[in-house]
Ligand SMILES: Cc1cc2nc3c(=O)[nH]c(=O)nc-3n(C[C@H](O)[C@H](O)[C@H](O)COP(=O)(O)OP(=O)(O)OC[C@H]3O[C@@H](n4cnc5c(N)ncnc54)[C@H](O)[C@@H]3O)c2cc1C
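Quick heads-up: it's one chain on its own, the form predicted alone, in structure tokens.
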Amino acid sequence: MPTPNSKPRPMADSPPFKLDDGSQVAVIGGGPAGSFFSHFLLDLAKRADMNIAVDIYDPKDFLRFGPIGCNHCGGIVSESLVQIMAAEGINIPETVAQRGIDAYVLHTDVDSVRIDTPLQEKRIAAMFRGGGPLGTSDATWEGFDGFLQNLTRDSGAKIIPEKVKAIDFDDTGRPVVTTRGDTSKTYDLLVGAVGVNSPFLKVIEKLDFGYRPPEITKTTICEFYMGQELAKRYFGDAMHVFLLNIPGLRFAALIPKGNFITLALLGEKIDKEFLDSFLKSPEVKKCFPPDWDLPKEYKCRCSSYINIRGALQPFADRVLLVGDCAASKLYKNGIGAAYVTAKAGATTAILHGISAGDFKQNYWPACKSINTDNAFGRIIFAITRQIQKSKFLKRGVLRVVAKESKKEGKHRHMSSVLWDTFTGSAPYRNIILRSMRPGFWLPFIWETIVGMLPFRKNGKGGKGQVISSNALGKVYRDGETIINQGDTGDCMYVIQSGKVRIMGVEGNRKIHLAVLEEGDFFGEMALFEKQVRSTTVCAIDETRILTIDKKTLLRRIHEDPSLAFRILQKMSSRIREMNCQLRDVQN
């Protein structure tokens, strides 16, 4: 008999390391990594005609206000992840997206400049991870983690609000989960999906299968109540990023969310004195109302750790770790990496197996890819820190961005590099390669040399445009054309709300083919061929649409071919429906 916390190992009479009908899976942690894993595992199992039970252990109530219901995060879902989630059929609703971000404002001690999204479309979500900060009175909002938990519950997962205190193994090598309430249950697969701040990692380390937690650093999050009207007036729909030469400061951002402004700081020894000093700096003060006073105390403030180097061997026979406790994108909130590692882990478990060898061959490459990309990220942030120290270099950056604001998106080389660095929307390796092109560094060198001249902003300043909706995507009015038959295309579209009408045009005759509703997508053929658009698509009433870039989706499909299955399945269904429509018209 194995002793408590003994190393997992296969026994002579152990069953094969495969999931099958009736298999039981335990997921420890109900945040994004745990919810993504459970959702994708159950979805893949359904496609494979397997009946699998998933229990998610998490005592945290994501409906609670303040730190007790929070996962200590800046609360940004990147542009690329918003697109990929939409392609997966997971659309972030208006009740979760506290603010749709359509621009970044870069502040330095030289001046400020605004960087708009290339498509003038909201594809970044600012949201709370729990019910909201201390002082929240509006219960109509839903936290992102609670939204994902509801998604997994709808998929068939069971949420168990208990803490896990021990992991053992039975005679056949199956993991046994014991809660603080002294209830125990045996599972075929154990998945750890906790953050790097969780004491559960000590439990995993004691299993002694080679796992070592990630290297970490500390970050600080503060929430300031401002009110909906003032937050829109002074921050608009932009995230404000600061490159200031303050000793110990690596990164700082102010993020508007409903009634609140979130301050995210990364640096060394961030105490109250440091916070006060940062908020008193002229570059920060100009973002707030003139009569805004520093808080006497920070009621909703937390200091937590983030992953900066990946874990060692986050897997064993029947044991898998995903999300922050395995690998995460450098200096980012980890939601994107939670999606990638969770999807890779779920795909491995269903299609390949749950042995250490299966995870090493099919899951570990996803973690290694993140860790390798982080090496390029360290180069980028090292360069950024040098720019922070030099007014000369900062002036060159601002001058280039200001001039690029008058150009088309594809010619905004510096702006696109900064956009993807701040948003986390592209791999760091891709950002490095783009910054090596002449179109990037030649203008930068020239503007840095002439940077002794006075700098003129691009006229958009540091305040975002006030808009009426926090929702993601772009709104089209009734009858407005979204795509025209015969146009060339390089993206597909996902309907966030409303409906669209798909029509074929023959001469002067318009043929009604289909009506698509919320959650449907169209224009996907542009992803697979270079032909022109074969139909015209118009909005019915007011419709909100999210575009998905061809490069973003194809890159993700290359990493995760199972994503293509849903798209092809939907395409097949639509072609069948349109054939029926055409037969009806001809008859």
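The numbering used is simple: start at 1 and walk along the sequence shown. The shown structure was predicted, so the numbers you read here are calculated from the model rather than taken from an experiment.
From this point on, the text means the form predicted in complex with the ligand, which you will not see here.
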Completion exercise
the ligand in the predicted complex has a heavy atom of only one listed residue within 4.5 Å, and of 164, 275, 284, 159 that residue is 164
Exercise for the section: Find the only residue in 335, 349, 191, 472 having a heavy atom within 4.5 Å of the ligand in the predicted complex. Expected result: 335
Exercise for the section: Within 4.5 Å of the ligand in the predicted complex, counting heavy atoms only, one of 547-555, 57-65, 525-533, 38-46 shows up; tell me which. Expected result: 57-65
Exercise for the section: Tell me, yes or no, whether residue 71 is in contact with the ligand in the predicted complex, where a contact means a heavy atom of each within 4.5 Å. Expected result: yes
Problem - Exercise: residue 343 in contact with the ligand in the predicted complex, heavy atom 4.5 Å - result: no
Practice task
Please check if residue 131 has a heavy atom lying within 4.5 Å of any heavy atom of the ligand in the predicted complex.
Solution key: no
Handout entry: in the predicted complex, residue 52 touching the ligand (heavy atom, 4.5 Å)
Key = no
Exercise for the section: Let me know which residues along 286-312 have a heavy atom within 4.5 Å of the ligand in the predicted complex, or say none if there are none. Expected result: 304, 305, 306
